[in-house]
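We begin with a single chain expressed as structure tokens, specifically the form predicted alone.
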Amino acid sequence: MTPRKRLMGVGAAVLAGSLVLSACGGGGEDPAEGDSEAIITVGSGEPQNPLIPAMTNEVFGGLVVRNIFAGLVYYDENGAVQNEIAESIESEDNVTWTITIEDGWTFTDGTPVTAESFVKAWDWSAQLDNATNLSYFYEPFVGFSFEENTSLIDEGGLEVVSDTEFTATLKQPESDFPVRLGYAAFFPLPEAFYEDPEAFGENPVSNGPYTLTEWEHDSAITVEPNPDYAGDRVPQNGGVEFVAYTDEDSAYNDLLANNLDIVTNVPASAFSTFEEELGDRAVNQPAAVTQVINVPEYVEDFQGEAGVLRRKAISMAIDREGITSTVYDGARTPASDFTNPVINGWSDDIPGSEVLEYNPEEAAALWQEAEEMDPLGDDYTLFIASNADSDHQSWIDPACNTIREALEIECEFDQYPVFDEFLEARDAREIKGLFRGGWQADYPAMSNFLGPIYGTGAGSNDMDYSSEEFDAKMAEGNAAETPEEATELYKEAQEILFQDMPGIPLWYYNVTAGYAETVDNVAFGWDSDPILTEVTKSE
């Protein structure tokens, strides 16, 4: 994805990640040499929710939504912000933002993309009655409320000025506001959406590089190039088929046989061999993805002072170095904070982060201290929940082994057959122990690894964690005048997380992916996603 448009005038790349990720092209052919009608196949899975942008906060649906919709801006391969529909995003005080869009954009039903397309979509997505997963991202806007249903339009948070201009007014200065606007929460919607949101979610009217042609549930989603797309991410292929797999080994074997073009996640069983097997077609590069074990606040075993001691004991009982070297062959890096090294401002010396170091003796002492306060008994079993259609058992089993050895308790993998069943149990607050959590950055900023996960009422705060001190520190960081000041405040926010341990950071991901001999010009971006519009295929 080559940058072509100018950056925005105010705060364009504030806090954006600076680490440049290498492109992994296959053979270096000019895109014109591929078959522009060929369909690219990608290993994927069944989305949890309808394909409505503000409802989509998981990887399978997210990859589709980001390719069929276009927003004000997009993130290029290196995480830099590039204008897409936006002509300019400007502010004199970082509170009131004037957004001007390019004229001439249309949705796939032929209706125009106007300022109202954004304002009305954002207002709908923010209203509590609509129960969107991404409503938290509107919390900074004037008029947003967690307590009652309100309209950002009625309360002054959003205003249409003309067909090509609107304003967004925030509760306080937010210097990185433009950086967020490439995320799905801020995509526009056509009038057709409001007529029947349920039908729209099954067959979206969109405005991005691709348009959906078929969704065969639990099997595949197919998209084709949108002939009316007016931006820079023009597809160099005839479309994409997102194939739903329930087993990553099967997807990888299909790749080796050239029956699948791209896998976005090499299974653990192939970590030691995939680079040799795929050669130049293997992808192994840092990405803005972090894995944790989350601690539900509703599970009594982890409440109160004894519960915090248990959280820290479990963290110190996990041998991250051993697991990342043996299970992942070095394709994961033990975590030392709650964010990610790909993002500007990352630090490995946050006070309190010593609880992420493997220390079985201290872990045992903390567990025993908790037992003296609130005993669970000698027959206690710790459950770690996740889906079984990915390779999470490969790390949960050895993690349980070191937990058993250090704490002298039982530990088991609480497995759900497929990803969406796991998510449904998580969202229904039915998890009986801890649960696996993974975070792929929505936009390239430290705040994105903190507020959306641990902020009170946040859309991805699946643990129900709430800390007034953490929320206040995040608000202070978001209002910082400089990236340097914001970074220090986000570090202080992490100190609070290390005190409370609502999640137990495990490791940072590399993109470990690959592609078949059938395709060229394959690159993976800063966020671990393949840049599908650039892929070419010869048939």
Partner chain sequence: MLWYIGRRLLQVIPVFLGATLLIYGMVFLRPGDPVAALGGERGLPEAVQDQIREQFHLNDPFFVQYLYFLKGIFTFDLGPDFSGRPVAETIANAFPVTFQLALMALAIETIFGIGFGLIAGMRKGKFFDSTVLVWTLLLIAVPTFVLGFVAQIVFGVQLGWFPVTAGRDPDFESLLMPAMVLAGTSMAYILRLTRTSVAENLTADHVRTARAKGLSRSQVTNRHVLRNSLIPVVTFIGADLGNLMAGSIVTEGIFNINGVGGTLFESIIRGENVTVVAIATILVLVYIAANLLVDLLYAVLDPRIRYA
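Residue numbers count along the first chain shown, from 1. All figures in this text were calculated on a predicted structure; none of them were measured in a lab.
Same protein, other form: the form predicted in complex with its partner chain, not shown, and the subject of what follows.
Can you pick the stretch from 370 to 378, 296 to 304, 184 to 192, 411 to 419 whose heavy atoms fall within 4.5 Å of its partner chain in the predicted bound form? Only one stretch qualifies here: 411 to 419.
For its partner chain, considered in the predicted bound form: do all three of Y75, T169 and A479 come within 4.5 Å of it, counting heavy atoms only? Not a single listed residue reaches its partner chain in the predicted bound form, so no.
Would R426 show up as a contact with its partner chain in the predicted bound form if we use heavy atoms at 4.5 Å? So R426 counts as contacting its partner chain.
Indicate whether its partner chain has at least one heavy atom within 4.5 Å of a heavy atom of Q236 in the predicted bound form. The answer is no: Q236 has no heavy atom within 4.5 Å of its partner chain.
Report yes if any heavy atom of E492 sits within 4.5 Å of a heavy atom of its partner chain in the predicted bound form; otherwise report no. The answer is no: E492 has no heavy atom within 4.5 Å of its partner chain.
Residue-level contact is defined here as any heavy atom of the residue lying within 4.5 Å of its partner chain in the predicted bound form; does N133 satisfy this criterion? Yes, N133 lies within 4.5 Å of its partner chain in the predicted bound form.
Report the residue, out of L212, A388, A244, A80, that has at least one non-hydrogen atom within 4.5 angstroms of its partner chain in the predicted bound form. Of the candidates L212, A388, A244, A80, A244 is the one lying within 4.5 Å of its partner chain in the predicted bound form.
Could you check which residue among R436, R332, R281, R320 gets a heavy atom within 4.5 Å of its partner chain in the predicted bound form? Residue within 4.5 Å of the partner: R436.
Residues from 247 to 276 in contact with its partner chain (non-hydrogen atom within 4.5 Å) in the predicted bound form: Those in contact are D247, D249, S250, N253, D254, L256, A257, N259.
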